[in-house]
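The chain below stands alone, shown as structure tokens; this is the form predicted on its own.
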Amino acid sequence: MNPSPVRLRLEIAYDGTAYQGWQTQKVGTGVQSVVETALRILFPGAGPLHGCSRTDTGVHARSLVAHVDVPPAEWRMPARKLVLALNAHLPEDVRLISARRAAPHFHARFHTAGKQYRYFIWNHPALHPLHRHHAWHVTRPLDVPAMKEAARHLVGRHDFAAFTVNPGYARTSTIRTITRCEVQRRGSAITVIIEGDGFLYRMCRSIVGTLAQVGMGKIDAGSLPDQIASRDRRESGMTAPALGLVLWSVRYQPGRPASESAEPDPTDGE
């Protein structure tokens, strides 16, 4: 009887500017394939890498959780040493932040209980060069109090069909629960914080684009409930560009059972 593989829980951060998202791609480079290649230098028998979420082209991650199985015969180092070992084989825009052994049943995607995304807007006539790859440059002054008012309508359990794009596959449901939707401003920097139990394809970027148009005076803050009720993408606002979006954190419930029937967690929102 073969011994069970060693399951590792990895926390990965990356600048998504040069990548076609997290997932391995047929055309272009996904972050997943870069990390898998590095893992197999250290562990030739390593299994596939499973991420907690997919991010779209140009989207970043501060903390994406993934798991991988390594043959016991190849696991010869403490988990804490894997950070230095793996980062030696990764490009500078992808980094392993932490690693530890996980329970054999842990699943980075199916055990996810919630995620937080943050979107960064630079609201100033001139784009600060330090933000050119990591914030949406909006030159028109934004009415942040109006954006905050609109954001409150998004909190709760709703059908978010009006705030998603067709992902190219059938979905069982477009109902999601948003537990936090907050707009913060510090000088020219505006941050939109969105937390929820799951996100639809480009949902976060659709929410941010709509809030930005509220801030521009193009959409009334009180119209958000009607947009939600319409279930029609044409009734909500624009889709914000990818470069300002960051998968900020992932939350897990201890002991939550995996469900193989869970809906695929589509890209940047997500």
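Because the structure is predicted, anything quoted here is derived from the model rather than measured. Residue numbers run from 1 along the displayed sequence.
Although not depicted, the form predicted in complex with a further copy of the same chain is the subject of the following passage.
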- Check, residue by residue, if 83, 87 and 93 all come within 4.5 Å of a further copy of the same chain in the predicted bound form, counting heavy atoms only. yes
- With a 4.5 Å heavy atom cut-off, would you call residue 103 a contact of a further copy of the same chain in the predicted bound form? no
- Item | Exercise: residue 157 in contact with a further copy of the same chain in the predicted bound form, heavy atom 4.5 Å | no
- Would residue 141 show up as a contact with a further copy of the same chain in the predicted bound form if we use heavy atoms at 4.5 Å? no
- Query: So in the predicted bound form, does residue 202 come within 4.5 Å of a further copy of the same chain, heavy atom to heavy atom?
  - Reply: no
- Since the chain is shown here on its own, which stretch among 108-116, 133-141, 71-79, 172-180 would lie within 4.5 Å of a further copy of the same chain in the predicted bound form, judged by heavy atoms? 133-141
- Select from the listed residues 185, 124, 148, 153 the one whose heavy atoms reach within 4.5 Å of a further copy of the same chain in the predicted bound form. 124
- Judged by heavy atom distances of 4.5 Å or less, which residues of 30-47 approach a further copy of the same chain in the predicted bound form? none
